[in-house]
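In the form predicted alone, a lone chain appears below as structure tokens.
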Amino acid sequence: MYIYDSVQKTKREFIPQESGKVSLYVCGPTVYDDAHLGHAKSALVFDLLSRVLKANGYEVVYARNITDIDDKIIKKAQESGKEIKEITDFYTNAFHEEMGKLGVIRPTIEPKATESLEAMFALIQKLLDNKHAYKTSQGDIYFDTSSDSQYLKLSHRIQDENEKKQRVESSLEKKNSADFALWKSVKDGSISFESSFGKGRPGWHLECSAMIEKHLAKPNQKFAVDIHGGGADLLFPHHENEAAQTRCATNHALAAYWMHNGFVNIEGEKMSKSIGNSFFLKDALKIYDGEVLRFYLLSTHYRSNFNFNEEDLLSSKKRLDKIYRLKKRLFGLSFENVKTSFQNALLETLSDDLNISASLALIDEMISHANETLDTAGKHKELKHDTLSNLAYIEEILGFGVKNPYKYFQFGVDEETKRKIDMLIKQRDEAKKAKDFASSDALRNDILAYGVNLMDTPQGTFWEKI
């Protein structure tokens, strides 16, 4: 397996520290608002990575954090008059529900910042003891970037004077403009946590390093985790600061491989709440089936910036429809999973830094061949079994084609209408059994009036939206 390392800027063969086992850590959401398409893209990319690693026979421990301590969350609580936990629980549950609709498998571990305070305190103390951090007269604790000779080696950045000025925080007691907060002292009575350093709140960069040490790092390993991932915008300063904290507090580096997914743009403009074009996932899911969004957001290589627009999405949906139409042709047939040359080729392309373009081309070719062969005379029993096995493999490794093929084509019909159609189908079935063909035909017309097609199959009667 090969992975493009964002730090070394080259594709590298993936070799885990422990044979057959992989530790993967990905920066998760700050739960103060609804998830947007950028969150969805990152979650999907690392869901795919986890699936591909497992398909290669690795045992994967995948951790993705939940940031439930943050100034933005506190501001939201103050503005809304709600308790912090009420806000964070609401948006955490919404995030899980929406990711579930995209087919994202929950990580092995999903630690919350509020559950990791002791680990953060221990990391701060180590940095103080090692002289890599200092406490100000106001009680704030900063990481001393000048004490770390490798600082900025992760992002390969050179800070100019203007950037240094922009990054100066409110405290005048910082030794260097690039120093970042590990602990923010709180004296105004606002939300804070008790610690040996006094009342305060942890810095944002701190939590990931602490969680990794708590849940994933093992003694005597060179790296705390095999793979660390997140959006490209996190490389600096977040991942740079994480890496600095970890190497200065422990006897290991943070990650052996760094992976970053590209930005999501709306009609060519980078998604950003500050410019008002943040496309919330909950709104997209009202219009498009979750699997359609999954297919579309994964259809471009993960490192590329993604230009979200409706025309491309609809074209992408037609490609996914082909998987479901083939699945529908074979619906109801039993089969035993077999390993095919197609499956080997698909895993090989995905193992090449998640080469999705080559993978989708293989799927298109497999579908075309299967349909052409099924159109010819003969039962093609072996082809049907191989094709069903291939479709099951696509479902497992890519998360495409997971639904009942008839129900997939019902998206856009509200639940009340679905119930009415299903009731009419049941009445029609009863009329057919009673050989009341006049009633059966009338009920069929009533069903078709909803703008759907009816399909009578050996497995029963199904319908889909036209």
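One rule holds for the numbers: they count along the sequence shown, beginning at 1. Keep in mind that this is a model prediction, so the values were computed, not measured.
What comes next is about the form predicted together with the RNA, which does not appear here.
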| item | value |
| --- | --- |
| Proximity to the RNA in the model of the complex (heavy atom, within 4.5 Å), stretch among 399 to 407, 417 to 425, 55 to 63, 26 to 34 | 26 to 34 |
| Residues 114, 129 and 286 all lining the RNA in the model of the complex, heavy atom within 4.5 Å | no |
| Option touching the RNA, based on a heavy atom within 4.5 Å in the model of the complex, out of 134, 263, 90, 335 | 263 |
| Answer option from 78, 190, 341, 304, heavy atom within 4.5 Å of the RNA in the model of the complex | 304 |
| Residue contact check: residue 441 to the RNA in the model of the complex, 4.5 Å heavy atom | yes |
| 4.5 Å heavy atom contact, residue 204 to the RNA in the model of the complex | yes |
| Contact flag, residue 395 vs the RNA in the model of the complex, heavy atom cut 4.5 Å | no |
| Heavy atom of residue 432 within 4.5 Å of the RNA in the model of the complex | yes |
| Stretch 337 to 375 - residues with a heavy atom within 4.5 Å of the RNA in the model of the complex | 355, 357, 358, 360, 361, 364, 365, 367, 368, 371, 372, 375 |
| Note on residue 368-residue 457 C-alpha separation in the model of the complex, which departs from the shown form by 3 angstroms or more | closer |
| Residue pair residue 404, residue 433 - Cα distance in the model of the complex, closer or farther (3 Å or more) | farther |
